[in-house]
Ligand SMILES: Cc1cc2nc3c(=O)[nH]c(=O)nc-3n(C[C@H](O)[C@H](O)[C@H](O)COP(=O)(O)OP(=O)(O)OC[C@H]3O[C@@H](n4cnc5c(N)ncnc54)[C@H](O)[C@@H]3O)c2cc1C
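The chain below stands alone and is given in structure tokens; this is the form predicted alone.
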Amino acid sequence: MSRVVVVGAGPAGLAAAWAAASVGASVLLVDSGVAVGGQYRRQSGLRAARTPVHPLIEWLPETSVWAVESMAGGHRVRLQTGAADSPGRTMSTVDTDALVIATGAYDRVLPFPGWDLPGVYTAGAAQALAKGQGVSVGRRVVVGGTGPFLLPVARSLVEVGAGVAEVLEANGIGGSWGWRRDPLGALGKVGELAGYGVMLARRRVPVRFGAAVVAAHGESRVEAVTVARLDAGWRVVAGSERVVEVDAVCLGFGFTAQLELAVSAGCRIEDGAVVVDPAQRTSVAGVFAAGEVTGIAGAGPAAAEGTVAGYAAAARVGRTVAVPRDAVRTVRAGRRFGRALAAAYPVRSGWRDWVSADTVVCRCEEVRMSDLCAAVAQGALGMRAVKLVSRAGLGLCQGRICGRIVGELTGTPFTQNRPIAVPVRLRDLAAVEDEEEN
């Protein structure tokens, strides 16, 4: 119980583990990847795995947390270790009174006709393949969505030999007024953005504002896309549509925080993020959160939050710590930056007009927009009822991709309440129950 458990080995989780260990706390660092660093420091699995070298940090790679349960004085964390979806993964538990949740976020995508064709990727997946494996998702690619993340994705594709036909930012150039909330933070990114701009200009890659991919076409995979100009509300400007031949599309409309464990622990959630105090404490005693689960602001602020959370968790298990003032200042600046980022790159409601009755909304279960309309017409109220009637969100991803979409299209609140946070084989689950009964 005296050990700090950190879930997630991205910038926030790594910083939390190091901070806690630096003041003498024993740390268990858990991550589903084969190497630490998360998406931000994606690396090839063929290279030697980087490990967090510190005598007080035990690192569990290829390990996912499938449940968090409250218990007297702390929490029980249930783990499964082994290659993803392989049979016979090792099941174990660890009890802790200081749990740091740093599970990050996943790409947010929006549906349109043809988005279920092979060749349509999330921007994060395309970048992971490029940076991690040196593989391009296609020879001629369109990158679309909203937010500055599109630019490093385009650069990653260019670096592995892909031809990037266009980069499409759905918000107009006027959206940059959102940076008024944090002009200093915006100035700090000018150099980085200019670097991307120069690289794309040298490759003659056009960056178009107020435009998006609104349909994909092809028989067995993507062969072309329809690109259109958008008005301020993201509705298609009539007559602006044009067809671009490509063999891959990369989409990113911001991120959705990975909240399953925080929800299971009973943490307070507001506006899709875990609510924390200045010490990164959540509303649940002994549970801390850091990084993108508390809001999207980039790797630097995420690492600073991890540092603060790590020290606070170490204090929880009896270590003497000083206030990490530099990290606290970075966290404050990061939150200002995050608010400005959200204001500069909002997701407007006009995207719902891109969806036709035949558009697949839930790709796992092949549920179409017409199926959702029928479920609502039958009187399905609430996300659970919509899922049970239409089967949207009941497939392999368990609504991680489509849940937020279904919520917005049907007007039902979206939740990430999953008592079992990741897929677990029934045989492995039964083995846990047998062991506890004995």
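Predicted, not measured: the structure shown is a model, and the values here were computed from it. Residue numbers here begin at 1 and follow the sequence given.
This protein has a second form, the form predicted together with the ligand, left out of what is shown; the following refers to that one.
Just one of 385-393, 368-376, 407-415, 29-37 has residues with a heavy atom within 4.5 Å of the ligand in the model of the complex, so point it out.
Looking at the partner contacts, the answer comes out as 29-37.
Non-hydrogen atoms within 4.5 angstroms of the ligand in the model of the complex: do Asn171, Thr226 and Trp351 all have one?
Negative, none of the three is within 4.5 Å.
Just checking whether Trp234 would be counted as a contact of the ligand in the model of the complex - the rule being heavy atoms within 4.5 angstroms.
Judged by the heavy-atom cut-off of 4.5 Å, Trp234 is well away from the ligand in the model of the complex.
With heavy atoms only and a cut-off of 4.5 Å, decide whether Ala105 touches the ligand in the model of the complex.
Heavy-atom contact with the ligand at 4.5 Å: present for Ala105.
Using a 4.5 angstroms cut-off on non-hydrogen atoms, would Val100 count as touching the ligand in the model of the complex?
Output for Val100 is no: heavy atoms all beyond 4.5 Å of the ligand.
Taking the ligand as it sits in the model of the complex, is Val7 in contact with it (heavy atom to heavy atom, 4.5 Å or less)?
Because a heavy atom of Val7 falls inside 4.5 Å of the ligand in the model of the complex, the answer is yes.
Have a look at Gly298, Gly74, Gly132, Pro113 for me and say which one sits with a heavy atom within 4.5 Å of the ligand in the model of the complex.
Comparing distances to the ligand in the model of the complex, the residue within 4.5 Å is Gly298.
Select from 141-155 the residues with a non-hydrogen atom within 4.5 Å of the ligand in the model of the complex and write them out in sequence order.
Only a single residue, Phe149, comes within 4.5 Å of the partner.
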